[in-house]
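Consider the single chain below, provided in structure tokens and representing the form predicted alone.
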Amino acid sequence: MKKTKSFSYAKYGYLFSIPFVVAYLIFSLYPTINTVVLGFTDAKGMAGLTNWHFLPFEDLFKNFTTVLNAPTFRKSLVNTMILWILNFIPQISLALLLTAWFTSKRNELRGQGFFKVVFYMPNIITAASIAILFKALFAYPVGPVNSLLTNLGLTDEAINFTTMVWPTRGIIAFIQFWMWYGNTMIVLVSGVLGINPDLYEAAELDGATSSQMFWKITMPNLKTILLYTLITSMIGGLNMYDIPKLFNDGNPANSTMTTNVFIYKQAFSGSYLYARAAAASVIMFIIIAILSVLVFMMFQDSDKKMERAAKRAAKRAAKKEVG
């Protein structure tokens, strides 16, 4: 018998993956490795990226210690955490509320697709455009917000919001929240749609209310999606740059200067301290990695506690049946 040759498509898969691999190596892996290397050098000035030397062994971590001891970097780290928390709490709260609304079996909403598109639209607009838009809205002394407040009689004179710490932080946090709550909602809705509908039907037959089904069925089954949302939001929040930079350049008094704005100013203003900016980038990478691992471990611990509680409840039920 004549043997037929088997045809393999694997080589085409490798062939189609080459553009991605090349792009990743050039635009992601190489810059990452180069940033880590620069953190241990004396790269500085306009020619710092091409003419640099490694620091002596005893001063190898000098850039890292300098950044960690810098009050400006510490303040930028605190600012970043404040801005992320201020936007994430309302973001996840509204996203969960809208998710419960859109996925409710008892109160089916007409035109869900339209509302989902409307809520998601701010995420499509670039952060730079939105930052410039809000800067124009809160312009001083003449701007739409000041004109509205004056016409309504809420204030006698224009307010310069960009000179006040907490109003500026609130505006930046609101922009972040407004941009991302729709994306978070879409992710959560997708997670809910993946839950077995039989669970809801059984709960409805048992007389469970909508709120009981949400907290007892939806939330426990959304843990993985919530973990993903929390970690990705945290990574995005700690890398916040466009909005604080373009809205008010980290002002007033560096109260909205995030770590990425700090890194930008170290690398591209003044003395062009590339090595110090690279060290700050590596430090932020380590901080984000540690926080991500801690969040992941916290979710795992809560899952294990629930499993142990379920096993104890099952044992107690079995003992009662035997007794």
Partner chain sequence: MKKILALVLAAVMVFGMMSVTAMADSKITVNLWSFTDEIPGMMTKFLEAHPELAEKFEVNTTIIATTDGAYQPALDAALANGEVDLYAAEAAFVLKYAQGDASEYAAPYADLGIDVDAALAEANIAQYTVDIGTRPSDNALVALGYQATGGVFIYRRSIAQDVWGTDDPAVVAEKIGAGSGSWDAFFAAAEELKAKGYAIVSGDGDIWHAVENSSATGWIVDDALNIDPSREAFLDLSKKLVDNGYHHDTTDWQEGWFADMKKDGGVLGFYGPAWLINYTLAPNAGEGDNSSAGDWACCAPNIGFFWGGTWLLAGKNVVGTEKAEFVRDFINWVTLDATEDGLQYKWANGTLNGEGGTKDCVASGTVMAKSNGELEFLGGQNMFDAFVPANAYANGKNLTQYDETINTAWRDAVRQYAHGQVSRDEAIENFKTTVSDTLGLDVG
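Quantities reported herein were computed from a predicted structural model and do not represent experimental measurements. Note that the rigid core is defined as the largest set of C-alphas that superpose within 1.5 Å between two forms. Positions refer to the first chain, counted from 1.
Same protein, other form: the form predicted in complex with its partner chain, not shown, and the subject of what follows.
Of the candidate stretches 83-91, 211-219, 148-156, 68-76, only 68-76 contains residues with a heavy atom within 4.5 Å of its partner chain in the predicted bound form.
Its partner chain is not shown here, but in the predicted bound form it comes within 4.5 Å of a heavy atom of Y264. Taking the partner from elsewhere, Y272 is found to have a heavy atom lying within 4.5 Å of its partner chain in the predicted bound form. Among residues of the shown chain, M164 is one whose heavy atoms approach its partner chain to within 4.5 Å in the predicted bound form. Under a 4.5 angstroms non-hydrogen atom cutoff, its partner chain in the predicted bound form lacks L294 among its neighbouring residues. Counting a residue when any of its non-hydrogen atoms is within 4.5 Å of its partner chain in the predicted bound form, the hits in 137-164 run A139, Y140, P141, V142, G143, P144, N160, T163, M164. Relative to the superposed rigid core, F27 undergoes a CA displacement of at least 2 Å between this form and the one not shown.
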